[in-house]
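Consider the single chain below, provided in structure tokens and representing the form predicted alone.
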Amino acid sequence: MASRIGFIGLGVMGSKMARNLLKAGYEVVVYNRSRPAVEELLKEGAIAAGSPMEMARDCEIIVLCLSDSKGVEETVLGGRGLIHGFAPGGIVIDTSTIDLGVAMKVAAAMKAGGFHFLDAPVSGGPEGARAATLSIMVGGDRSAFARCEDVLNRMGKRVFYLGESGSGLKMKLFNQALVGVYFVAVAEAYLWSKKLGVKLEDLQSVISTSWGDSPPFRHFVSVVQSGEFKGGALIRNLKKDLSIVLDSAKQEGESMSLAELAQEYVVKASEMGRDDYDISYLFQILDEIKSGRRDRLPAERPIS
């Protein structure tokens, strides 16, 4: 088992995942574009790297948790990327949700250099990242996966090896298509329930034991109860994920009408300046649209 692990991308999810590796006893080397996130983990025993290439010289296994395809490609293959620092056999575990074509390109370049790239996107939201209960979907070389199992199990509760490169991402895209539709459905049903006079606490008690239950529902209730919509499971990330889902479906000649509808609402939220709000905020966006007040920004706090 490698004792030193690299971690790049210390956002809402990544910072929590890296912290769990520290708690598990790993020596964790971190890199992030913004320094404050690095400083927080240095206080807990992490070591800072000056660049991805520098990190790869010290770590045989490096975890990525980045926001987009461009970031992953540049981090791995760029001028100071990981590929220029790894010793033969080095492994990248990419927990990001990115374009399948980019993932396959990076995997091919890594393989040609004698390295491994595991597409290993995660699901479970900030709560799962904090509690190390994420579901992790892995595609790539089986022997590389075997070398990384302990690392993966320290970040997630359910780790699935699904086969060749791209297999993990394909599963994650299916998941995100459902997540987008779920959140819009929950937001719309919640607005309707409010008009019927149904209490949120009653919805939580009953629906959480009924067929209507889902992790998005439980997350939605938790966020609405808190009234804290900034941060969390970001609208910008769901917008990106649904865009990848719809592009992939288009390439295969498939129609994803419900995912397209969900993306319309998510894009509207983005246009309203709510990229950095939790997905649960969609109920406010739907209320604005349904009320015909599309040119006015929604209220900062939940509807009373």
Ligand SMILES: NC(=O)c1ccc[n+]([C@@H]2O[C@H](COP(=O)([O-])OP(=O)(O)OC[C@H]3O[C@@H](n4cnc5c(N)ncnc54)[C@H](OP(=O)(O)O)[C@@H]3O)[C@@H](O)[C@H]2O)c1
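These numbers come from a predicted model, not from an experiment. The first residue of the sequence shown is number 1, and the count goes up from there.
Note that the form predicted together with the named molecule isn't included here; everything after this is about it.
J.: Counting only non-hydrogen atoms, which stretch in 265 to 273, 54 to 62, 39 to 47, 232 to 240 is within 4.5 Å of the named molecule in the predicted bound form?
T.: Answer to the contact question: 232 to 240.
J.: Taking the named molecule as it sits in the predicted bound form, is L21 near enough to touch it, meaning that at least one heavy atom pair lies within 4.5 angstroms?
T.: Looking in the predicted bound form, residue contacts with the named molecule do not include L21, since no heavy atom lies within 4.5 Å.
J.: With the partner left out here, check for me: in the predicted bound form, does some heavy atom of P126 sit within 4.5 Å of the named molecule?
T.: Yes.
J.: Does the named molecule come within 4.5 Å of any heavy atom of S34 in the predicted bound form?
T.: Residue-level check for S34: yes, a contact with the named molecule.
J.: So, A132 and the named molecule: in the predicted bound form, are they within 4.5 Å at any heavy atom pair?
T.: A132: no contact with the named molecule in the predicted bound form.
J.: Residues I5, H116 and G140 are flagged as a possible site; in the predicted bound form, is every one of them within 4.5 Å of the named molecule by some non-hydrogen atom?
T.: Contact check failed for every one of I5, H116 and G140.
J.: Under the 4.5 Å heavy atom criterion, name the residues of 73 to 95 that approach the named molecule in the predicted bound form, in sequence order.
T.: Result: E74, T75, T95.
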